[in-house]
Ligand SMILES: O=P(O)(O)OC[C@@H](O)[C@@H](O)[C@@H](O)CO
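One chain is shown next in structure tokens, namely the form predicted on its own.
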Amino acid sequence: MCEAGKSDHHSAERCVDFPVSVVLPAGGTGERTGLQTPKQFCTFLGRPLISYTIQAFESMPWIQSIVVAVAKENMDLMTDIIQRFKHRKVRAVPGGSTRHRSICNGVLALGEEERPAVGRPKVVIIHDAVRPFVEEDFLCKIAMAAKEQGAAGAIRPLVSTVIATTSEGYLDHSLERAKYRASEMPQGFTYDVISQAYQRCSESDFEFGTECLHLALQYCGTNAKLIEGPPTLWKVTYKRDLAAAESIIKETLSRSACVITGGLAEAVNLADALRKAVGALDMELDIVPDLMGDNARCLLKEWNFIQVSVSHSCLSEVEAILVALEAENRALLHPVVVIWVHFSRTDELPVSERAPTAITELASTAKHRNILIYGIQLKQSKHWERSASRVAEIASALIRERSPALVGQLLQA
């Protein structure tokens, strides 16, 4: 558990105490992007778009399995993505000729789960493969509402006024925008509701329908709970959206970090001070004593780690982070930043003569695994808040810039 301040991640896991699985329909051709490659398989920052979406769900421990429904001709490609990016909760199934047929195939696959330990879920989340920005707190709300109501869906305010036209191309009437909302993803259903809806729906629904919530209402009498979602629910539709997604991913990499304290009081105090300081820099920190047990989830969630060491200059704690990352077998296409903050008391020597050389050697080895190691030396002083703010500024800059030139350096705060 967190030492101070419970993260959304922990609160979400506490409220979702039932099995939840995800279906990602990914059989589209992406015609509107104007690209030859379907948009879900377009690559930016070295990773296909669909891999980002999968990774978002895999980072949530309460999601038990993910089924991706893809066109038959892309099954090999999807299998390669699963293996190359080390996705462990995922399996691919053949999609259908329409969106509803693909979703139906995914739901049926959950009912025929090959892994006995996983079993049939209580709630099924349906989400677009090209919506990579999934907020855990909001997904928790959808899952909980689906369990209680049978169905739940995300909505957003309409941006533009909707009008109807005549067959001759003239204005017929317009809708009062305040009364309507845009239906978005994710949507959640109890397994029984969504499976029965697909068993009972017509061929016309399979061929021309798009709204899963409507099927639940029409064929199961289940009226979905509608929850207004965050702006991040947008999906990649056009070519320009790929550039926007890349920009958001880059920004996201630098907005959070996990601070490991070792459970020592002085390290915890420094971590708390850092949390307050980085708040002004638009960053969030999780604070944990170690990366064992439940805290190991940070290894999947975070791309940045700050190890606070007190009263000694040994780098064994940093080495332990590297071992934990290696054991997690995570595909590290984006550089992971590990910052060693050595906090020494006033009556101690700052660091041993060996420390600068040791951190340089360790950083040189880790760099080949796409892990960037930096060091910050902080000596206890009367100006505690000022020192913590300085460490926060340096750490934030290192995480944001990921500067190769400073890798292995021991900076003074």
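For every residue, the number given is its place in the sequence shown, counted from 1. What you see is a predicted model; the values in this text were computed from it and never measured.
The same protein also has a form predicted in complex with the named molecule, omitted here; what follows describes it.
Asks: Taking heavy atoms and a 4.5 Å cut-off, does E302 contact the named molecule in the predicted bound form?
Replies: Because no heavy atom of E302 falls inside 4.5 Å of the named molecule in the predicted bound form, the answer is no.
Asks: Give a yes or no for V318: in the predicted bound form, does one of its heavy atoms lie within 4.5 Å of a heavy atom belonging to the named molecule?
Replies: No, V318 sits far enough from the named molecule in the predicted bound form that none of its heavy atoms falls within 4.5 Å.
Asks: Using 4.5 Å between non-hydrogen atoms, is L291 touching the named molecule in the predicted bound form?
Replies: No, L291 sits far enough from the named molecule in the predicted bound form that none of its heavy atoms falls within 4.5 Å.
Asks: Under a 4.5 Å heavy atom criterion, is R99 part of the interface with the named molecule in the predicted bound form?
Replies: It does: once the named molecule is placed as it appears in the predicted bound form, R99 has a heavy atom within 4.5 Å of it.
Asks: Among 277-285, 240-248, 163-171, 210-218, which stretch has residues with heavy atoms no more than 4.5 Å from the named molecule in the predicted bound form?
Replies: Within 4.5 Å of the partner lies stretch 210-218.
Asks: Within 4.5 Å of the named molecule in the predicted bound form, heavy atoms considered, which of M185, A109, L139, V123?
Replies: Result of the distance check: M185.
Asks: Answer with one of R91, K235, K86, R255: the residue that has a non-hydrogen atom within 4.5 Å of the named molecule in the predicted bound form.
Replies: Exactly one listed residue reaches within 4.5 Å, namely K235.
Asks: Pick out the residues of 127-141 whose heavy atoms come within 4.5 Å of the named molecule in the predicted bound form.
Replies: Going through 127-141 in order - heavy atoms within 4.5 Å of the named molecule in the predicted bound form - the hits are D128, R131.
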